[in-house]
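To begin, one chain is listed below as structure tokens, in the form predicted alone.
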Amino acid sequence: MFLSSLRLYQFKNYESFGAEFCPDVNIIVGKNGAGKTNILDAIYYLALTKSYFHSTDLPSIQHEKNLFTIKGIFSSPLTPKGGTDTIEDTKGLNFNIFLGIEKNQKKILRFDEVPYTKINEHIGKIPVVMIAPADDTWLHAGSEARRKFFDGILAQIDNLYLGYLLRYNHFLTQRNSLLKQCEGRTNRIDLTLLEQYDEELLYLCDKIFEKRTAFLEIFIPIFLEYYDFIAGNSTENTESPALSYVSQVAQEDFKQQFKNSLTVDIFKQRTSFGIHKDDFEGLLNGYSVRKFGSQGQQKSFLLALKIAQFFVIQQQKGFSPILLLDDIFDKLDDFRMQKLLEILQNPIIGQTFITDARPERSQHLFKNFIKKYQFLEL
């Protein structure tokens, strides 16, 4: 699957924009502030109906405007029939995605002009992986950033998981709202309603924990493989990366602790136990990579996480996600840059978008590239 064309209207710095893309590597070049990253974010919007960089949609609407629209035409190649390799048998199917967002209005999302009844039905149809400078929040921000990373992968490959997560967040919000209504007083809580929320949350905690645990069994070996490749691990120079999943749900008495925390929850006016407290710790030789890893080790760790994200999605979906690389060459040293270019040569890697403020650098890096590529200058 690849994006063949993109049309933007009143999206960020673009009053109007249109471009055609090749199915392999698309290198978007231009000065800082030209809008290179905004094109990647528009593609991300078409895939996941939200911005990669903002938690709300309003920053994506042009100043003094009320709405923006994004439309993309995609091609999804058909599997050859009967083992033949003719043009007729491999010809792709085209479809379009339209996204419209207006202030104070419901988001509009259409697949081939047919509106979705539920936005989340779209998630996973166009898998995407973004690698951007802001990814270092995985290491340096709180646990929410690390949960968001793994939730984002699972949501694209497992609709059941996405459903569990949306339901959990809904009931968590309802429970927290009920706790705030108590104003810190135990005798003002509606115990019947609380029990209903607790029953749902405990059930969903088990389901989400099971899904995350099973996913890591698939993810971690791929992550370790690419960390070794990116870091240049050898028998003489070996680093031992690891991912540790920390969850209250893993404790044998979790359900009892959840129930016993009610008095504290009423006082704090929020739920203190649950799957929303999970964390994922990155380790290197047994020590926290965010606390003790060198800058180079942290870069290798983050890049390996993202490359593993790509290959896990590809493996689970059966086709390649679109790969978006934002200013990646500014953040990597020559060694890791070369390793990334080697990975991009892998025939499994499908359509790729790369932004670069230095056209001459990209021209040099891709001059001997095997795959087809095109430049789009802004």
Partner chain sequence: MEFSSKLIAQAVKEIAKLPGIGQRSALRLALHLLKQPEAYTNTLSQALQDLRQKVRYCQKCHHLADENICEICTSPKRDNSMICVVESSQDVLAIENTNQYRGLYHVLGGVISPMAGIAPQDLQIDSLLARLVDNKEVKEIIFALNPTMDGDTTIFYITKKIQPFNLQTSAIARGVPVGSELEYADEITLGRSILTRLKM
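Numbering follows the first chain given and starts at 1. Just so we're clear, the structure is a prediction, and the values are computed from it rather than from any experiment.
Form predicted in complex with its partner chain: not shown, discussed below.
Though the partner is left out of this view, R185 does not reach within 4.5 Å of its partner chain in the predicted complex, counting heavy atoms only.
At the 4.5 Å threshold, heavy atoms of Q196 reach its partner chain in the predicted complex. With a 4.5 Å cutoff on heavy atoms, S288 does not count as touching its partner chain in the predicted complex; it lies far away. The closest heavy atom approach of I266 to its partner chain in the predicted complex falls outside 4.5 Å. Shown without its partner, this chain lists N233, T173, S76, S272 as candidates; in the predicted complex, only T173 has a non-hydrogen atom within 4.5 angstroms of its partner chain.
This chain is drawn without its partner chain; in the predicted complex, the residue among K107, R167, K259, K125 with a heavy atom within 4.5 Å of it is R167.
Proximity to its partner chain in the predicted complex, taken as heavy atoms within 4.5 Å, picks out 185 to 193 from the listed stretches 147 to 155, 185 to 193, 107 to 115, 242 to 250.
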